[in-house]
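Let's start with one chain on its own, the form predicted on its own, as structure tokens.
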């Protein structure tokens, strides 16, 4: 217990010191890691605890971003208004869409969410009176917290990660609650869960709404950090990137979501220095992780710990 506490304290010290000792571009990548962690958490809840593949997270990500952009730039409202409007619209849409499509299962459900993402991407492009189309919306103000403007990556880093840690705590409490137990029973055997009077449809819809909320928050944070949004940021490709986060890190592990977000954010940046071949190398890296580590990075870490445990106990004796 003491060693675990020391590890937590050391991790917090490193987290707090990082933005002051790394270059600006690395601090910027750490901000995006936090944003992607928030978006990936919702995907992880659906995938790891409901067995649902969601390919529509970029839809809610875009709704949050465009709500923040439109409310602050077009209407001159405070930034909190954009966060609230985006969250309300995303949650309402997730509820209305989730009720019918979550009756589907397996590949049909994945295709339904893919269709939702494709439709939303097309609407973002067509509704240029609202979204600016390919020209986008620029001039989004930096967040201002009681006179303290988050106009540098090092400053925004702390705000984004505090929001990410809060979302992680919410996800942890949800997974550890009675609802989480019902989710896992539904994932492992929906027939058995239904026989125990578990309302599968309501449970799936609730988690889908939480997933949409996380996606919207991530989108609003992205808009205020980038100060510009356009349709290119909210395509189906973005949803696939979000899906990769829990797949790579481990869908049932909350720390795994952070590991997956680090992988998706930093590896393409590192490989880009190698030239045009970097996309092929990133694809090969993804294939390698999926094939060699089917339960993700955290799953591999857990297996390694279990293998080392008998050796440690043997040395103790």
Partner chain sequence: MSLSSIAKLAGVAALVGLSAFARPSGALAQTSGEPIKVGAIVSATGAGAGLGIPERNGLLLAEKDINAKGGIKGRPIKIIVEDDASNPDTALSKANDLIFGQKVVALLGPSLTASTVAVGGVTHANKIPQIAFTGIGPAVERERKCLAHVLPPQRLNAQALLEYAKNIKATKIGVLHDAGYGNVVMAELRPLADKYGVKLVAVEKFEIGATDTTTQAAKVKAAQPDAVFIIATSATPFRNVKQVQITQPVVAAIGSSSYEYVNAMGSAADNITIPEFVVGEDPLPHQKAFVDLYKQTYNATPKNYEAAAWDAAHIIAQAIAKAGPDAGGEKLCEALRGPYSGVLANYDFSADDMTGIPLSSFVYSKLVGGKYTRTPFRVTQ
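Numbering follows the first chain given and starts at 1. Computed from a predicted model, the values in this text were never measured in an experiment.
Just so you know, the form predicted together with its partner chain exists too; it's not on screen, but the next bit is about it.
Within 4.5 Å of its partner chain in the model of the complex, all of 48, 90 and 208 (non-hydrogen atom): Checked in the model of the complex: no contact with its partner chain for any of the three.
Report yes if any heavy atom of residue 78 sits within 4.5 Å of a heavy atom of its partner chain in the model of the complex; otherwise report no. No - in the model of the complex, heavy atoms of residue 78 and its partner chain never come within 4.5 Å of each other.
In the model of the complex, is there a heavy atom of its partner chain that lies within 4.5 Å of any heavy atom of residue 238, even though the partner is absent here? Yes.
Report yes if any heavy atom of residue 226 sits within 4.5 Å of a heavy atom of its partner chain in the model of the complex; otherwise report no. Result yes; residue 226 sits at the interface with its partner chain in the model of the complex.
Is there a non-hydrogen atom of residue 36 within 4.5 angstroms of a non-hydrogen atom of its partner chain in the model of the complex? Within the cut-off, so yes.
Among 154-162, 79-87, 228-236, 209-217, mark the stretch whose residues have heavy atoms within 4.5 Å of its partner chain in the model of the complex. That would be stretch 228-236.
Which residues in 29-54 have a heavy atom within 4.5 Å of its partner chain in the model of the complex? Heavy-atom contacts within 4.5 Å come from 29, 32, 36.
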